[in-house]
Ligand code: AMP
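The chain below stands alone and is given in structure tokens; this is the form predicted alone.
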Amino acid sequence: MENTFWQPEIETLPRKELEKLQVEKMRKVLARAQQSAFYSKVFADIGFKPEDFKTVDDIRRLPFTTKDNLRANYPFGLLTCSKDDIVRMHCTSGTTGNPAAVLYNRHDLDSWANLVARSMFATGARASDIFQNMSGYGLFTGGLGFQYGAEKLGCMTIPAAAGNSKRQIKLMRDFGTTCAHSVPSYLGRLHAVFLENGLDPKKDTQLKRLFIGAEPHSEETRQRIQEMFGCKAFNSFGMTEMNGPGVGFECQYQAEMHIWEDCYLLEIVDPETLEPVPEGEIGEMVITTLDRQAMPVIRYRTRDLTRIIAEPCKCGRTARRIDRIKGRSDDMFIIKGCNVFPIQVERILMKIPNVANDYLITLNSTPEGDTMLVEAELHPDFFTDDYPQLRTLQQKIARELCDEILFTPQVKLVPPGSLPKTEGKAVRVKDNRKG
């Protein structure tokens, strides 16, 4: 058991016992939340007392919390303890107005690090691994979240941060990196630099596993990453409002992500009616923190669309799994009367070997109506200026996109490396429409 689970007594807890633990923790969370300015008013407005919480279904008696609530109560409106107890803050990357800030005391950071260590352990990572973190440090949670988790696991850590691909490759090769963390979009660019320098990560590194997250990505993208680097790439789920990485993670079987239900209460609701959907159906994920003291968040609307996988995982963990994130309800855009998620476009593009990893969707308004342009970089091995060949490929992509999104967008194939690049999360949609 010690070799399979980080915390066997928690990870294999029978469902009834796990739900009992959730109720016990939830009562403590509610009592603590009542000490904040925001939740004390919320509870008073609906006449709710923490002792009224009897079963996990009682969560429905409480209102939802949204990102707007967090922004409106920035910076300390959800704080449940003295400011003197706070040891760190992180916040979302909003560009206008207040961000959504999250505050942590020492317990919260220890709990978070433990969940990331548990997640990494579930994939097969061990203290003997050498972990390279190719994620931005600072207010973004991916850097420090994985850093402290890997240290908790006992790994030698390389806090390389984002970008500077030649240095990343040198560190990997010099120190024998076996595990690395990155946003998926960066790994395509890193692989290109390997090839430019006459190197093959499958032969010239000791990589055994990659941890990817922070960006919605398709299974086709994951498969590409695994083929490029010759190792498994494990999906993770996290968000700043819930701590950061470590909310959910794939185990060694890569059979979708376990949500660590001893620390998070999971719901799936219809994003329109906000009523629970039948188990197994797609809806919006709603999460409540069960082990955060300084700033608990209750029934947080993540806007992420997924479903619960109820069948037990063969790894033996009893925490339920969620399916791959299908998209975000607030990432969806409407064009020509059709609802479109960027990940639908990605799924089509990543099936085509001639297309590289980077693409950009641009939405414009014209007198004739809205238009959608999909620009996709060609793979270096397939790059050509043969116009008839390019036109044939563009038409093929446009047809397949039409089958997926129900209208035909404009498709433009561009040279490798010509689309804008960022060190953080990739920008996939540029909406130039008015209003």
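Remember, it's a predicted structure, so these values are computed and weren't measured experimentally. The first residue of the shown sequence is 1; numbering continues from there.
The form predicted together with the ligand exists for this protein as well; it is not shown, and the discussion that follows is about that form.
For the marked spot (Phe140, Gly213 and Asp304), a heavy atom within 4.5 Å of the ligand in the model of the complex is present in each of the three residues. Partner proximity in the model of the complex, defined as non-hydrogen atoms within 4.5 angstroms of the ligand, places exactly one of 196-204, 296-304, 313-321, 128-136 at the interface: 296-304. When the ligand is considered in the model of the complex, Trp112 lies well away from it, no heavy atom lying within 4.5 Å. Residue contact with the ligand in the model of the complex: His258 places no heavy atom within 4.5 Å of it.
Although the partner is absent here, Val286 is not a contact residue: none of its heavy atoms lies within 4.5 angstroms of the ligand in the model of the complex. Within this chain, Lys421 is remote from the site of the ligand in the model of the complex, having no heavy atom within 4.5 Å. Just one of Gln147, Thr123, Thr177, Ser236 comes within 4.5 Å of the ligand in the model of the complex, counting any heavy atom, and that one is Ser236. Proximity to the ligand in the model of the complex, defined as a heavy atom within 4.5 Å, singles out one entry of Asn105, Ser185, Thr240, Thr157, which is Thr240.
The partner is not shown here, but in the model of the complex the stretch 305-328 reaches within 4.5 angstroms of the ligand through a heavy atom at Ile325, Arg328.
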